[in-house]
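Let's start with one chain on its own, the form predicted alone, as structure tokens.
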């Protein structure tokens, strides 16, 4: 007898791997159909929300308000959460097929791209991901150490993550104290001796990827002055790019204002540098300087590339953070394209060569690469779910349409599975701790600490 998926007697069962924005937007898109659906969201951490919790800067609380939307999605019937469960290790992808009719992979891009230059692994050279995770209390980075005793730091990259790193380094502790920044990071930043932060881009000011609000924030820091290395000069090609973009026009106006600033007497300075690429990190046992090569731009408007000139400059510094993009990681049993660091797919349908993998889908950064803002993930997830629904007549119904046996399997392995109700208890405990400290929340910064809230 054939099974009609999505009927009340046999709901469509979908596993979503990853509980960040793309995972929640995929769940919402499924909930908005007329089908009966059971959605189970899996996350390797005990906490949901992905980069909204672990990536958004602590001084950007308004962006985190999107979790209120995710809370509503999670409160609807047919939504389940399996936190503290790693797909590919605790549950092989093949096992998900036994319990779910379809799987949507939404686990993001977790690693940084490398610069590929000598000295990149010297002490004092770090990924932006590690620093962001550290100050946000992400369990993966709780034990990282950052020596903030140097007076000069370099941030390589000119996107919003690079802006976050530079801004956190440049802010006073008083500006951060009332945020949800991790306590260990606040303590370390209170002792920081960093006074200059250089934000370096290989192309020009017209090609910098800051959003206008992020760039303007540097003009409102209480004890820091934003400046520009040299003058803001645009070639006719770059001027044409700016002319066609309101956001670029705003950025150029902001940078021209910074170029007129004088940092003399300021406690701290953030200096924007353009048309420079790092070619080496040097030092005796740790970072002491960054060697940069000056570039010129070649190509048509919108497609200009940085071409090295052979001229080198040296920046004395004790810290280097790279923020030049992210890569996903391969999941056992799932096709992966190592060239760009994501899952090969067509509009969200996972592909293996020219073949579509039945019942397997992707959304978010692991689908399209690390681009856009939080809201970009919504139409992306909707596209993927639309493909899943188109495939509904051809999906093979799972053999065991029940989550309980999977839960028992995980319990038999000694895993503490965190439900969404468990997360609400963790959430309440963090908020209570934060209230006592005058903060929105005080996060648990290790898996053991987070699980300990459930035993308190």
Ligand code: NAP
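A quick note: this is a predicted structure, and the numbers were derived from the prediction, not measured. Numbering follows the first chain given and starts at 1.
We do not show the form predicted together with the ligand, though everything after this point is about it.
Comparing 208-216, 337-345, 250-258, 97-105 against the ligand in the model of the complex, the single stretch with non-hydrogen atoms within 4.5 angstroms of it is 208-216. Interface residue remark: residue 60 is counted as part of the site for the ligand in the model of the complex, having a heavy atom within 4.5 Å.
Although the partner is absent here, residue 349 sits far enough away that none of its heavy atoms falls within 4.5 Å of the ligand in the model of the complex. The ligand in the model of the complex is not approached by residue 333, whose heavy atoms all lie more than 4.5 angstroms from it. Contact check for residue 371: a heavy atom falls within 4.5 Å of the ligand in the model of the complex. Checked against the ligand in the model of the complex, the candidates 154, 170, 381, 161 yield a single residue with a heavy atom inside 4.5 Å, and that residue is 161.
In summary, among the residues 357, 291, 115, 194, the only one with a non-hydrogen atom within 4.5 Å of the ligand in the model of the complex is 115. Along 293-328, a non-hydrogen atom within 4.5 Å of the ligand in the model of the complex is carried by 323, 324, 325, 326, in order along the sequence.
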